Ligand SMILES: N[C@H](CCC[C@H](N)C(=O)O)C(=O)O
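Okay, so here's just one chain, in structure tokens, the form predicted alone.
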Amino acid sequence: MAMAASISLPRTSPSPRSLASIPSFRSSFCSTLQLDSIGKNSARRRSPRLSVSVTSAGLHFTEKASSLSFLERRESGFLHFVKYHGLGNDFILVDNRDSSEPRITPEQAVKLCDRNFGIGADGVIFAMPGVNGTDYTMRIFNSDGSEPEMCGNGVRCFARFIAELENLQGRHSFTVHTGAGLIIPELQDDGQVKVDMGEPILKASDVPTRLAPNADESVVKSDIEVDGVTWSVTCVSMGNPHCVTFGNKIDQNLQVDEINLAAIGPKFEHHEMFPARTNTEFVQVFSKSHLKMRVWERGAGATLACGTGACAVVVAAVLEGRAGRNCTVDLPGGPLQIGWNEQNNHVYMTGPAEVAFYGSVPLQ
């Protein structure tokens, strides 16, 4: 798949407005990466597949209003997208509302997500027509081409993307069909997104995990051996599987910044006790309402944030008696607010979603 692109950078974090008024400048992927900044400074790199000429976002922009929004352009063979991130967990968002089939293949998604030869992202998210009475459907291809059931940071980015596409103003909520079931995001007045993530799944066979369940069929504070070390884990599904650990036999109180995530993460992900693989969260407890985590995501590796993982962490912390039901969870990309409602058993996640840039790539 050869790639060339036109990119537009936002002046500020997005507000719900028409994409017709996006400030834009043009660039093209060629054989040289040239970054022009204020003055005459520039840097050049050679790349055999992909490069870009981009004017610094610090320079002034020219507004180019059009009757058609950026994403409504339908040149044959081009994919128009918006790059979003939720606390650094980044995604390529594609307007796919005219079809129930993704506009690109998993193999193309892998190439687009490549951070050296593609756009660079943790996954590609498609905004698709709703099914079973829902407003929209969200599907995701991970950076390795696999398709997860859900993504917490991704669904916040999805909500902000829909706000752009539909020109929504102020507080709005809508229903989204996902592989994990019904998800309801709500746009907040301050630009953040609150998401009803539904009920956590604790039954071992439904997570799924082959670890021996407790009497209530959950897996809480169970032992698992990984690379010769016995870890204490609690397993939670938020529509996708999570293995949460607060320590092991050697270190009962993790200092998560000291963990070699690239070494241990894949061994959890592909452990025989997790037939569908697993996301893994390593957690440090500061207080009953303040946790810190690092995550190894199934299909994406080490990421700066994982929304479903933060939800699973709070559920696990409550079940292990380490925290209350309302917590700030610090991730490498920033904090999320997580609440596990005792009345309806639903988990709620609140956090930001921001635009990185708008672009187009030819697909071949």
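Since the model is a prediction, treat every value here as computed from it, not as a measurement. Don't overthink the numbering: it's just position in the shown sequence, from 1.
Keep in mind the form predicted together with the ligand is missing from the figure; the text below concerns it.
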Any of the heavy atoms of G152 lying within 4.5 Å of the ligand in the model of the complex?
-> yes
C306 within 4.5 Å of the ligand in the model of the complex, heavy atoms = yes
Wondering, does T280 line up within 4.5 Å of the ligand in the model of the complex on heavy atoms?
-> no
Non-hydrogen atom contact N142 with the ligand in the model of the complex at 4.5 angstroms = yes
Just one of P200, P148, G265, G118 has a heavy atom within 4.5 Å of the ligand in the model of the complex. Which one?
-> P148
Residue among N89, S237, T209, T234 with a heavy atom within 4.5 Å of the ligand in the model of the complex = N89
Stretch from 188-196, 225-233, 164-172, 290-298 whose residues place a heavy atom within 4.5 Å of the ligand in the model of the complex = 290-298
